[in-house]
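Okay, so here's just one chain, in structure tokens, the form predicted alone.
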């Protein structure tokens, strides 16, 4: 793991995310579940989380020797998918929970993937220069950020004109039958199974449905991405709308001929 220092978010103690947790509470929660995080994710999503990340990673498949920033990277699953999709790209994977991001280099080594840099970084205050990346991504992490709009602005800031911002996130599904059934699973079945496998995971998976219910839906997310300076915004529903992939392009100055991909 790299020696990038963790930036301090101003007034962090006053921030609350969609699920009502402060940045410190989020960090502590993920530190507790880090060891079982991958196993629980794959089990409780029936392996669909692997497919969702592949769909997101395909958005950069034409990228050459440029930098991609994967934020709230957790244990690095999306970062690895991005690298597989764009082998020539350099992927910087950042998370503000050291216990989570520590697994990334081990997984990259097992997968025999090079060109990935793992470090500590807060999505609200990224240690990256303006326009230094061809793309910035986050999978199931923007919902946990204490200030959604600021997080989106930071992602847009570090992306060059014509580059992409990718957000993969859970969504409360619509419909009179599937929607309630899915939320019942999230509220009752998922936390019970998680706590049986690892008792420390119970809190994280009770927090999950609460944060999904409170989080922005596709229309609101699209508007917020637009407000962050992004254009050509797409909200792609996956698995009956339980997950959405949001794609936005950083607007180019009229005199700038920077290519997109």
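Positions refer to the first chain, counted from 1. Just so you know, these numbers come straight off a predicted model, no measurement behind them.
Not pictured, yet referred to below: the form predicted together with a small molecule.
At a distance threshold of 4.5 angstroms between non-hydrogen atoms, residue 171 is out of contact with the small molecule in the predicted complex. At a distance threshold of 4.5 angstroms between non-hydrogen atoms, residue 145 is in contact with the small molecule in the predicted complex.
Taking non-hydrogen atoms only, residue 96 approaches the small molecule to within 4.5 angstroms in the predicted complex. Taking non-hydrogen atoms only, residue 154 never approaches the small molecule to within 4.5 angstroms in the predicted complex.
The single contact residue among 167, 91, 134, 72, judged by any heavy atom lying within 4.5 Å of the small molecule in the predicted complex, is 72.
By the 4.5 Å heavy atom rule, the three marked residues 100, 123 and 141 all count as contacting the small molecule in the predicted complex.
Shown alone, this chain has one stretch from 54 to 62, 226 to 234, 213 to 221, 22 to 30 that lies within 4.5 Å of the small molecule in the predicted complex by heavy atoms: 22 to 30.
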